[in-house]
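In structure tokens, the next block holds one chain alone, the form predicted alone.
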């Protein structure tokens, strides 16, 4: 493992922005894919669908929000316009929108009702706006289409209150003129920063990155500090001539999709960027509602497996729940969300560490072990600078049944931990229940229940001294 003190000090200068931190602290939020596809039984519309097909006669955004809150979901991203180009708000820039649908006699606004329901319900609202528009004749013409797209983006960012994220995917197909649009993302980003400076720009954007699949799968080591750009082979060669490190001289630059941010990779970075991961998946096989999938809602066990790997693995979870043709979340989806929320609330209802004794084999004398009882960044534990390996012990007042350990770094001071183990004391001695590399925002270890009164977390390597904000025992 490549490491030197000056190099590692540079790595820990990379920290989250307030908008990134706000998304990471949400942990679990939702998508709602809703458009003409809901009524044509398609996943991707082609832009020729008549506006008359869109008519969710029982639409109820409060029902959506209530269902999301039952699962512990803290925000909702609405597909305000998918690739078919149909807008869920009465856009001034197109006729292909709700104002020409029979729903509410063309007087309705889905975006308005959903954003208002989110605020009433106390969850955050975000927007998805597809840059690929299969209905707009300007698509593929360069600036004229960018003007059109920025007009619609401005409508969404000025008419519907605070937006927590603007979510872009990378879909880019040919327009009716046979050309693809070269998206002016720099212009889009600047507009978002101007109109909604607190909104994260996600996936095709600088703030939140995609984990790389739509199955909720994640890497075993999901890093937040990534190379913003890499050294050229020539720069590597020049540097290696003075590096007293045979591995560095011989290691080839390549993108390892399973390792995005270890020190082995970051040593080739020209500059660094904080890019936390998001995993997106749907509660059903498809992203839009299909009646034949009513009995194919993911099981509780499957959803929990995804939740633990994402929310418990330094990654946020974006779960899609597609409204049906009535404009409601289907009963099967609603029941599963409530079941999931019940499980999570019961599992994490009581932190056994609240009344425990916290200790550490090393401490700087100011940032004490007891600071790890509070889940937040205002206080934290740290050893002296230069102490990169520490042992933390949590002693419970009495023997308890334990099957979860939660560990959080104080990420406003960067992601530092490189390796750790978690152990519980049993009648037969210490037993390892988890081990890994990254912690970052949060690592949740889930294991078979064990009777114990003492838990030990060993931080075996860090970039510089670890800074721990929270330990929870459940």
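Everything numeric here is computed off the predicted structure, so don't read it as measured data. Positions refer to the first chain, counted from 1.
The same protein has a further form, the form predicted together with a small molecule, not shown here; the description that follows concerns it.
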{"property": "In the model of the complex, residue 287 touching the small molecule (heavy atom, 4.5 Å)", "result": "yes"}
{"property": "Proximity of residue 443 to the small molecule in the model of the complex, heavy atoms at 4.5 Å", "result": "no"}
{"property": "In the model of the complex, residue 333 touching the small molecule (heavy atom, 4.5 Å)", "result": "no"}
{"property": "Interface membership of residue 222, the small molecule in the model of the complex, 4.5 Å heavy atom rule", "result": "no"}
{"property": "Which of 69-77, 133-141, 354-362, 164-172 sits within 4.5 Å of the small molecule in the model of the complex, heavy atom basis", "result": "164-172"}
{"property": "Heavy atom within 4.5 Å of the small molecule in the model of the complex - the one residue of 39, 59, 44, 447 that qualifies", "result": "44"}
{"property": "The small molecule: the contacting residue among 235, 259, 147, 214 in the model of the complex [heavy atom, 4.5 Å]", "result": "214"}
